[in-house]
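Coming up is one lone chain in structure tokens, specifically the form predicted on its own.
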């Protein structure tokens, strides 16, 4: 009963957050068109890159053009989910600490980390989820996707990609408690993020090991796409669970250490 009451309390808070963000987005309607246009251009660039490559070769590291386009659809949808629900919160994370806004969150009768990561929702990017899924659906059959009941697992793998992006971004943002500014590390995150835009099989063994373990950017789109197209071995499922569990534990530990070090901007 206590769990249900707490869950209902958090859901109500999040409902209010969504309402406030919807009102904010409605005021700046042109922002929706601008964001959509920029994201469509980005998707077009990624698709064009592989179109050029596959104009010269039929297969790259065992991936056909249709399989790569299916991967890109899954990756776009996963990344759009992260952009919708978490990206703006991480961009504001530095100001949250340095301007003392965290003080207010610490006084609320809810988990401050929940508030810190849920205050901002970029509703304009939710349409990119459907654009990514449309690309995946378009190339699913020629890519060899079995379809049928496997479509029901797409949502699960998108959540795996969302969780992976979130725990990774957190690791690169939390250092604001020690460095005062985390912009340099945030830029470093997006440098590594380029690894997520290609299937992991395309990389040399050392880089592939890196993006499957210590910096699991392959979990955002590449591993979910492989799981949907070819399935994964038991050890790969175990690896996903172990790596994500480890990152969740690391994020929690760093958050607690950061709070212990935190000094109010007003103090």
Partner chain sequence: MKLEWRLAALKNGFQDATAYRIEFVLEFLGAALVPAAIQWVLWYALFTIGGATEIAGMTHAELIHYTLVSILFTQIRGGDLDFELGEMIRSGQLSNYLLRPVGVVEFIFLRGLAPKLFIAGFCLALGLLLSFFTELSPFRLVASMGLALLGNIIYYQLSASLAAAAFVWEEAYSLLMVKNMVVNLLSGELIPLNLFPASLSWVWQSAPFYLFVFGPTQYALGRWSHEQFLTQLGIACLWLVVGSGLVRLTWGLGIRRYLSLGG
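Numbering follows the first chain given and starts at 1. Keep in mind it's a predicted model, so treat the numbers as computed, not measured.
Another form, the form predicted together with the partner chain, is not on view; read the next lines as being about it.
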query	finding
Interface stretch in the predicted complex with the partner chain - options 233 to 241, 38 to 46, 214 to 222, 66 to 74, non-hydrogen atom within 4.5 Å	38 to 46
Residue contact check: residue 178 to the partner chain in the predicted complex, 4.5 Å heavy atom	no
In the predicted complex, residue 195 touching the partner chain (heavy atom, 4.5 Å)	yes
In the predicted complex, residue 156 touching the partner chain (heavy atom, 4.5 Å)	no
Exercise: residue 202 in contact with the partner chain in the predicted complex, heavy atom 4.5 Å	yes
Partner-contacting position among 106, 146, 188, 134 - heavy atom within 4.5 Å of the partner chain in the predicted complex	188
The partner chain in the predicted complex - contacting residues of 49 to 88, heavy atom within 4.5 Å	49, 52, 53, 55, 56, 57, 60, 61
